[in-house]
Ligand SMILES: Nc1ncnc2c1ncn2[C@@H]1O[C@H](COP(=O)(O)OP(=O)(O)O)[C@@H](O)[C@H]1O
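Taking the form predicted on its own, here's one chain by itself in structure tokens.
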Amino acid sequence: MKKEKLLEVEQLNIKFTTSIGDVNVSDDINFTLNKGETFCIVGESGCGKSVVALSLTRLLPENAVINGLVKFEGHPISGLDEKAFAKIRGQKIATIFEQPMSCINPVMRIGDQIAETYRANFNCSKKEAKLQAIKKLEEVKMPVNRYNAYPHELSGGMQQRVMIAIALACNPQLLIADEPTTSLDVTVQYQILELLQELKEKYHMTILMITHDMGVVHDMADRIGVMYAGNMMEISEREDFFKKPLHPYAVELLNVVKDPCHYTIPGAVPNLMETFTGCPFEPRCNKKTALCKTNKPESVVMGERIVRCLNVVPN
């Protein structure tokens, strides 16, 4: 069966202008999201994965300079003015974040916040919006009697459920989940991931998940994108990735998972203010050659996989 594309990202470059120079956060990022799949972007902290996700809904600060093409359902959306894009954000693409307490209004009742989101996108009465908010609370398995609760009265897991309910108020086609379980206890993490999977199947949603947790990736992903220093190093189906990762960085990430107490990747993530003439992973790579220091790798297509490495040979 041919996969239907929902989101296409082409040649995405993002930098932040600062008083001490430019910070280059992404370098010619290319990927697609197919309808109904979960695509996980993984990598160490500081590799640019969250910035890439936030750029898709224009949630970056004013000093961000974004270039590239983003298509949604085959139509370019990167060039839309803010008024037109506002109809995309929320109604078609929604986001949930790692720290829900920093995103929820602390002095507003949670039910009213969900209802407000619905009214902001649809022309409806307060009564209808409240009914929709109650429905969303039920869907995220929150007791309806918590409708009038304030965020500080809820646990971290319940706050995240509220964040999910707000994001899903308009039944978006694409949900961006940026480290949605990192700050939660392990048992609560499992409950939130299970909830996201249930809602994905119920609404036939597509999920773009940002995470550094390989356990989450294994449980949730259909496809995986590995980022390093602003570069998309590998894109693979989940089974292929865990069976045989191709990029040396992807191999190292899985080595850490296999022996987290004793194994670490040598070196550190580079400063994104640096300009790379070759492969950004070259200083830490145990498969490098002399060319890796001077030649920038291009993406190599290998069947369903894409790898950005000079030393990976196409089939």
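What you are looking at is a predicted structure, and each value in this text was computed from that prediction instead of being measured. Heads up: residue numbers just count along the shown sequence, starting at 1.
Not pictured, yet referred to below: the form predicted together with this ligand.
Of the candidates Val51, Leu33, Leu253, Cys40, Val51 is the one whose heavy atoms come within 4.5 Å of this ligand in the predicted complex; the others do not. Only one of the listed residues (Thr277, Thr264, Asn67, Ser45) places a non-hydrogen atom within 4.5 angstroms of this ligand in the predicted complex, and that residue is Ser45. Proximity of Val9 to this ligand in the predicted complex: non-hydrogen atoms within 4.5 Å are absent; the residue sits far from the partner. Although the partner is absent here, Ile306 sits far enough away that none of its heavy atoms falls within 4.5 Å of this ligand in the predicted complex. Within this chain, Leu56 is remote from the site of this ligand in the predicted complex, having no heavy atom within 4.5 Å. Contact between Thr18 and this ligand in the predicted complex is found at the 4.5 Å heavy atom cutoff.
Taking this ligand as positioned in the predicted complex, the only residue of 247-286 that brings a heavy atom within 4.5 Å of it is Leu272.
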